[in-house]
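Below you'll find only one chain, the form predicted on its own, shown as structure tokens.
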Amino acid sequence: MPVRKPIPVFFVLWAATLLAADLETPTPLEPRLSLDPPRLTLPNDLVTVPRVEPGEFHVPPSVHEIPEGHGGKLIELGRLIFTETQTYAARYVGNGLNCSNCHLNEGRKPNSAPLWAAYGLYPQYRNKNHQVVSFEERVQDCFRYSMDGLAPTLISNEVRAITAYAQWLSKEVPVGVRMPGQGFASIQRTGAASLPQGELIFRQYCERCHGADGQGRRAADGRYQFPPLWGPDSYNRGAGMHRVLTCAAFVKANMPLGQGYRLGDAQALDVCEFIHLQERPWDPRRSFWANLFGE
């Protein structure tokens, strides 16, 4: 019979430390006003009145309506983890992003994968996992792929708090119903994307915020004011945003920041094809050779 190798002692101690931290009661937090998104300084020629989209969208509760007590503290912790992931969930993050870099306006904005439209759709089957997953397991995937880090345990403070925040935002949203504004905008692929055209669009609309090298721009405190679109501090190849169609659907409705729907379907697909082909962290599900020679 094959002899099983003993588990290294340092690994056992490391796992026990993480589990102990997860079981701790969250530190009480002082209520903070919601961010006034976008809390960014844009080039003058990008400052415009946001487009008003047709249709009706769910209006989640105001941050001032977060209840008091332990439940309210957990919701507030979830909001802070979501908007300032680098600070409040640093132990599970491997890049320079925050959750709110893709889920804009603190997870509230329609057609930017708002939390209020997602929570009630779980559990659901995911092709990525080839199984039915809960909302908490979906949060784990975000940390592993979009944040290029480690999946928190299901009982971790991070997962519990984000789940509580999402549930609170979805107050009065019917369960199992796909709400207007859920996910990203619809996108139609009408032909092959043009890489040269995609680079031209990036230079014209994207590099002023995300940098000529796509590595983002940092604020005075060293944190990213505008997130990197590729490179070591961006999402990895396993993230949903690495799919050209997903990226294009996000870009169409939300970019340039404050000017959603300025780009058409073909333009969004072109620029996302350009972004897709840039170097970024590898997909943790794939082998060394698959990452090396794959897209």
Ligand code: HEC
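The first residue of the sequence shown is number 1, and the count goes up from there. Everything numeric here is computed off the predicted structure, so don't read it as measured data.
The protein also exists as the form predicted in complex with the named molecule; that form is not presented, and the subsequent description refers to it.
- Across the options 169 to 177, 186 to 194, 69 to 77, 122 to 130, residues that bring heavy atoms within 4.5 Å of the named molecule in the model of the complex belong to 122 to 130.
- The candidate site formed by N101, C206 and L263 is fully in contact with the named molecule in the model of the complex, as each residue has a non-hydrogen atom within 4.5 angstroms of it.
- Taking the partner from elsewhere, V63 is found to have every heavy atom lying beyond 4.5 Å of the named molecule in the model of the complex.
- Taking the partner from the other structure, the named molecule in the model of the complex has no heavy atom within 4.5 Å of any heavy atom of Y88.
- The named molecule is not drawn, but in the model of the complex it has a heavy atom within 4.5 Å of G240.
- Although the partner is absent here, M255 is a contact residue: one of its heavy atoms lies within 4.5 angstroms of the named molecule in the model of the complex.
- Residues C142, F143, S146, M147, I162 are the members of 140 to 174 with a non-hydrogen atom no more than 4.5 angstroms from the named molecule in the model of the complex.
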